[in-house]
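Next up: just one chain, as structure tokens, the form predicted alone.
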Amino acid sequence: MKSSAELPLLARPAWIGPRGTAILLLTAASIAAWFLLDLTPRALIPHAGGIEVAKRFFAGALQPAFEYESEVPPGTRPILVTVLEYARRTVVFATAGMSLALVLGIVLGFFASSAWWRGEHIGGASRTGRFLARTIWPFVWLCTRGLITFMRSVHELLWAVLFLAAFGLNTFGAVIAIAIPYAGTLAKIFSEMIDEAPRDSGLALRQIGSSPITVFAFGLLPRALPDMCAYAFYRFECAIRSSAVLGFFGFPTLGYGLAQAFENLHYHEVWTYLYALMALVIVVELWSGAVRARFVA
């Protein structure tokens, strides 16, 4: 029997692990940011005029406008009809942008995923297949990752400004402004969901010599599809809000009416548009929740 002096010494656990180090670094960065930006709670205290504006604004929440607060030309549609029309256009812009983003997201998500080409090809692979897996597909994967990073790094508002300057107040430019960053985000998340999905079906298809496309379409994609659908519906809710915000650039969505009412200091009308946007988001959330429950089940 070995004496206690001969027994190997167990390594002591580190005083702080990688997670603790990351938390300390984030805490230090946060403190440094507060000092560099000279942030103080005193800056949140509004001046006298600001308090009066805040009172008028929040008072409008209790009495949203059902009629225009100022005189309008004869024949002008009632405000509720205008709100419903802006809400309809908000949904149309969001739907058009998301439909294009979904197509691009699935295609780019396929090329940004490595589950269908990386790893051992059980049952052997041809020389061409090995060449593709070792050279071409990694290069395509890297280029696709770079592309979707660029697409989602630029906010839809910046894309809207760019297309507004290039094409004017064009509805197609607004749709593209939503589709580009959303396609990049969808592609990233879709590829990660595919890579993290169970691969037993894909491996079984590889064993019988199926092509990478077949492995992806019938072995990997169905396993990740419920989570992909749930995330797509969540992004559609975000697209509704993005579509509304595009109204501040002049596109006929709820944001346009909201901006006009706020500029004219019609706070009751502002809350009418805000409540309409809230109701729209709630309806979409209830509908998407029901659809997600059916997909997940």
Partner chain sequence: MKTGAVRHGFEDVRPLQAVPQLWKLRPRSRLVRFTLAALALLVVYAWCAGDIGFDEMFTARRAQNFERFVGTEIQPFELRAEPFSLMRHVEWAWDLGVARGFEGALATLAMSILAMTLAASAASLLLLFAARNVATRDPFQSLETAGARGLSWRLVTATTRAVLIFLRAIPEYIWAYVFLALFGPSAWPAILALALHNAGILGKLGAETVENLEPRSLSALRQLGATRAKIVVAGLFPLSLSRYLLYVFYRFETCVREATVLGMLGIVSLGYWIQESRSRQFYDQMVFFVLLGAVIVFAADLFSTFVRARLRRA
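Numbering follows the first chain given and starts at 1. Take the two forms, superpose them, and find the largest set of C-alpha atoms that agree within 1.5 Å; that set is the rigid core. Because the structure is predicted, anything quoted here is derived from the model rather than measured.
Keep in mind that the form predicted together with its partner chain is missing from the display, and what follows is about it.
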Triplet Ile16, Ile106 and Met228 all within 4.5 Å of its partner chain in the predicted complex via a heavy atom: no
Contact stretch among 134 to 142, 71 to 79, 87 to 95, 108 to 116 - heavy atom within 4.5 Å of its partner chain in the predicted complex: 87 to 95
Exercise: Leu157 in contact with its partner chain in the predicted complex, heavy atom 4.5 Å: yes
Its partner chain contact in the predicted complex: Leu147, any heavy atom under 4.5 Å: no
4.5 Å heavy atom contact, Glu263 and its partner chain in the predicted complex: yes
Any non-hydrogen atom of Pro181 within 4.5 angstroms of its partner chain in the predicted complex: yes
Large Cα move at Ser70 between this form and the one not shown, threshold 2 Å, rigid core: no
Flag for Met278, CA shift 2 Å or larger between this form and the one not shown after aligning core: no
CA of Ala59, rigid core aligned, shift of 2 Å or more between this form and the one not shown: no
